[in-house]
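Only one chain is given next, in structure tokens, and it is the form predicted alone.
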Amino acid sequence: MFDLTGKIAIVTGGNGGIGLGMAQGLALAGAHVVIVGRDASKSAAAVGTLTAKGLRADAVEADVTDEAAVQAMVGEVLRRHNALHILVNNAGINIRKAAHELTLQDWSAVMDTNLTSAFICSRAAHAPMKSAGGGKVINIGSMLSIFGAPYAPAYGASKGAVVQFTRSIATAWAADNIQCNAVLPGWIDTELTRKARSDVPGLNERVLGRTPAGRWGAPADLAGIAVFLASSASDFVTGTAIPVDGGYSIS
């Protein structure tokens, strides 16, 4: 029930961090993964990492905040592979400033990348998934979908909205056999969070002290949830927001 052989999966922001961890999980389960990002060289390196392991992957360069670029990207995926079954909306950024220091440009950049891109990509994926008889949308939220942080007002707002957007499309597209769920990663060791550790004094100690697992997560820790939510194992699971956080949210 976890076999993804023959499935075509798009992973936005799949060229590093959590996105690459999920992309590798999907590919190991048999999917052909299309990595989407703005940095063509970084995406090519990620594809090389996967294909060197005998996995199936390619890349499409696209700015997922641009409506026309997303339509062209989905069209290219369909031209190459004739179908689309799985979409992982992972592209994301953070600008660490208190609300009174945040500019409108900062706010819009975070919202466009984290939230609007998920809307644009999901809308573009709906028709081909419906034509395929069903599909899976996996949106990446955050612990800040649940909690507040003084240094991340735009990021937290965008990730809270990702959960509500997920619930909306889950109810709207259930009749098309499209399941839509959110994943809420905890503190995962990525380029983004390494910068947070340097920017936010004491963050490392607080995360380790609160996480029952006693460690930061690794991108590979997101592979299993990606496979579950992309496979037939989750056909009766939709509209959920699942923490993958080593117990941080319950401690």
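Just so you know, these numbers come straight off a predicted model, no measurement behind them. Start at 1 and count along the sequence shown; that's the residue number.
Not on display, but discussed next: the form predicted in complex with a small molecule.
- Proximity of Ala170 to the small molecule in the predicted bound form falls outside the 4.5 Å heavy atom cutoff.
- Within 4.5 Å of some heavy atom of the small molecule in the predicted bound form lies at least one heavy atom of Leu192.
- Heavy atoms of Gly156 never reach within 4.5 Å of the small molecule in the predicted bound form, leaving it off the interface.
- For Pro243, no non-hydrogen atom is located within 4.5 Å of the small molecule in the predicted bound form, even though that partner is not displayed.
- Only one of 90 to 98, 170 to 178, 74 to 82, 130 to 138 places residue heavy atoms within 4.5 angstroms of the small molecule in the predicted bound form, namely 90 to 98.
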